[in-house]
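Only one chain is given next, in structure tokens, and it is the form predicted alone.
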Amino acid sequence: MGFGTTGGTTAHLNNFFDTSYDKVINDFGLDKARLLADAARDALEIIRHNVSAYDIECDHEPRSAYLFSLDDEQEKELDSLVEGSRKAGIEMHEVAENPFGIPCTKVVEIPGQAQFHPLKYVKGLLTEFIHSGGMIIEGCRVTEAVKEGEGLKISTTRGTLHGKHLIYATHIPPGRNIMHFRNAPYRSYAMALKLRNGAYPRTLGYDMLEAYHYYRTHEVDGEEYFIVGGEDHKTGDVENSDECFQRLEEYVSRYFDIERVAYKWSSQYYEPADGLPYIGPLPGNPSNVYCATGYSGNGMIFGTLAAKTLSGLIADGDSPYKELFSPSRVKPVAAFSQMVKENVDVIKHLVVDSFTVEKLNALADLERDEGKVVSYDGNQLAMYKDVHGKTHILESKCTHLYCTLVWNHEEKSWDCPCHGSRFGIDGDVLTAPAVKGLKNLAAKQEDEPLD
């Protein structure tokens, strides 16, 4: 429960999104932007209701949020964002001071936001689900779903299931499908900091940088922590993720007196091609197979809306958000340039990587706690030597669409830069869309000859 992004989210609960309302108006029209704003308010109310109705102790607290620009160019973007938000029906107003103390050219307040502890919330929902007769099976990966009469035959790593409907609420659905080409995997970095002066801002905050930084405070067991995030990048495009944490800490230390970094982590999300999530029937599959993906950095809100949308489609055959989030929608103006940009990057990893790894041809260069793709005896190998000197050797191609993997030092994983699959040091699948692990070729021990 909560493995992956749900456990890694900083859980800002917003009625505004990474894709701003002015962009939604330009790409989808004002009516769709207003519907999106209604959906955001709907999600916030669903979460508030769940917390109250099921008595979930998850640190749910109302908050105001603050957006601020750091230069004149960002201020123009902020003005456009505010204008579009107001047209969509989202309240925003300019204020004189930035509660985070970061120098800025303009700051706006957005009331009516919230925050919570995501795992406590999900655990509360799960408890109620089981109490109502539901069942959860962990450590079980779906590998295939095929039509069987009016229902589905679902193959998993722990046996076969039969059911009327299947929802892939799993980032990208496993296997090979069109969602891989309409979403791009990104990673974001977060830290929980202790501040020397004890001045923890009790609001939500966001700058207008690209990629932007986000801020909030949370109390755990009587201890307050300042949670900051940012330094987002395409999965697999950064070889040393330690540098992302370093840059984040260096940036935040310009404005805050950091005593220490108590915790740090990263998590994965998927950017949709046209800015809105894909929630509904999965194209190219039986009509009773559904997906919920492309949440960008707003997973708590869009995940809640996926629950409402899909339960409506299954139980009643309809939902007010059916067309807005349809995975079959086609918006060439909104999506084409972004799809081209992201998939050119995929092609680069499919074609170019096979030649650039040739320079990594000396296994003796592998230090302890280091991983990299190397060429050895005509083969490309994904190699990691752990802190004890044991070398883990795997095939270097992702089992999904055979892109060359990239080592993620901070999280000790092999990450696919094409569609976001991730593997452990022994080849186990950590994150779909891959469903098959990497072949484990060898495990050489400390001081054993490398050739």
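Don't overthink the numbering: it's just position in the shown sequence, from 1. Being a predicted model, the structure only gives us computed values, none of them experimental.
The same protein also exists as the form predicted together with a small molecule; that form is not shown, yet it is the one meant from here on.
With the small molecule omitted here, the record of contacts in the predicted complex names 267-275 of 314-322, 267-275, 192-200, 73-81, defined by a heavy atom within 4.5 Å. Note on contacts: among 374, 184, 208, 300, the single residue with a heavy atom within 4.5 Å of the small molecule in the predicted complex is 300. Among the residues 140, 95, 220, 126, the one placing a heavy atom within 4.5 Å of the small molecule in the predicted complex is 140. Contact between residue 225 and the small molecule in the predicted complex is not found at the 4.5 Å heavy atom cutoff. Residue 214 belongs to the set of residues with a heavy atom inside 4.5 Å of the small molecule in the predicted complex. Remark: residue 177 does not count among the residues lining the small molecule in the predicted complex, judged by a heavy atom distance of 4.5 Å or less. At the 4.5 Å threshold, heavy atoms of residue 170 reach the small molecule in the predicted complex.
For the marked spot (5, 11 and 432), a heavy atom within 4.5 Å of the small molecule in the predicted complex is present in each of the three residues.
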